[in-house]
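Just the one chain here, the form predicted alone, laid out as structure tokens.
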């Protein structure tokens, strides 16, 4: 019997946190078929390269022949874009449904990617230590991490000396403004949630996900943890990594607010008369060579 038959993401944590992680796992299993069929992802019709900001490709550099792992890869859309840059790519996710879908999509796209089902905190046990030139984690991943120091130590251990981690993530300012506007919200940008960490998990119970498509019929609850930019930077440094760059942008790969307009990059930004705020960031952190 393979380990995928018995592995449970919640085994990484005890007690209440373990229950929350298992709830998240079930929630992402339920989301997967909705996302795979959505116009949001438009699988087979939308270029996966477009999910990356231009500065991400600049920061990532030449990936040809490099060993890259995409942590919390979901159905592997960004993973495919990384593989098409010539990298040898591994994708890891804790959702059984997402990994199965990622394998199917990669096969249909003719891209060779190794996918592994495991909780990100257990990645070293499943992928090996000191194996990767680049550890990539994409948009919407950090909020599902209950233990940021443990995650950062995992990232550092996955890297070869001289390799680097790249975190492309929604800015804490964006998440403090809320995942999406409520039905009775006006046009004003208002702080609705914590920017700073420290108050534990936030529970969300929604029958609809961030994409188009039908409602979920089960496992609607999920849990998120706040992580400020300061917490992230400090945690990576304490894990032994060196911060090389931190880029903030006022653009997003999709129009979160109806009044957003297309930027020259093809992404979306608020109108010129709105406050210019950070909506997404890219952070590069290297593992020093001995």
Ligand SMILES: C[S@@+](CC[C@H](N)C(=O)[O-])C[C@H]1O[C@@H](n2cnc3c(N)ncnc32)[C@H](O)[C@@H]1O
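Positions refer to the first chain, counted from 1. Bear in mind that the values here come from a model prediction, so they are computed numbers and not experimental data.
Below, we refer to the form predicted in complex with this ligand, which is not included among the displayed structures.
**Q** Hey, in the model of the complex, does residue 138 get a heavy atom within 4.5 angstroms of this ligand?
**A** The answer is yes: residue 138 has a heavy atom within 4.5 Å of this ligand.
**Q** Can you check whether residue 175 is within 4.5 Å of this ligand in the model of the complex, heavy atom basis?
**A** Although this ligand is absent here, residue 175 would stay clear of it in the model of the complex, with no heavy atoms inside 4.5 Å.
**Q** Within 4.5 Å, heavy atoms only: does residue 82 come near this ligand in the model of the complex?
**A** No, no contact at 4.5 Å.
**Q** Would you please decide whether residue 101 lies within 4.5 angstroms of this ligand in the model of the complex, comparing each non-hydrogen atom pair?
**A** Heavy-atom contact with this ligand at 4.5 Å: absent for residue 101.
**Q** Taking this ligand in the model of the complex as the reference, which of 121, 126, 160, 171 has a non-hydrogen atom within 4.5 Å?
**A** None of the others qualify; the residue that does is 121.
**Q** Given that the partner is absent here, state which listed stretch (140 to 148, 104 to 112, 190 to 198, 83 to 91) has heavy atoms within 4.5 Å of this ligand in the model of the complex.
**A** Among the listed stretches, the partner-contacting one is 140 to 148.
**Q** Just give me the residues of 56 to 91, first to last, that have a heavy atom within 4.5 Å of this ligand in the model of the complex.
**A** If the 4.5 Å heavy-atom criterion is applied to this ligand in the model of the complex, 56 to 91 yields 72, 73, 74, 78.
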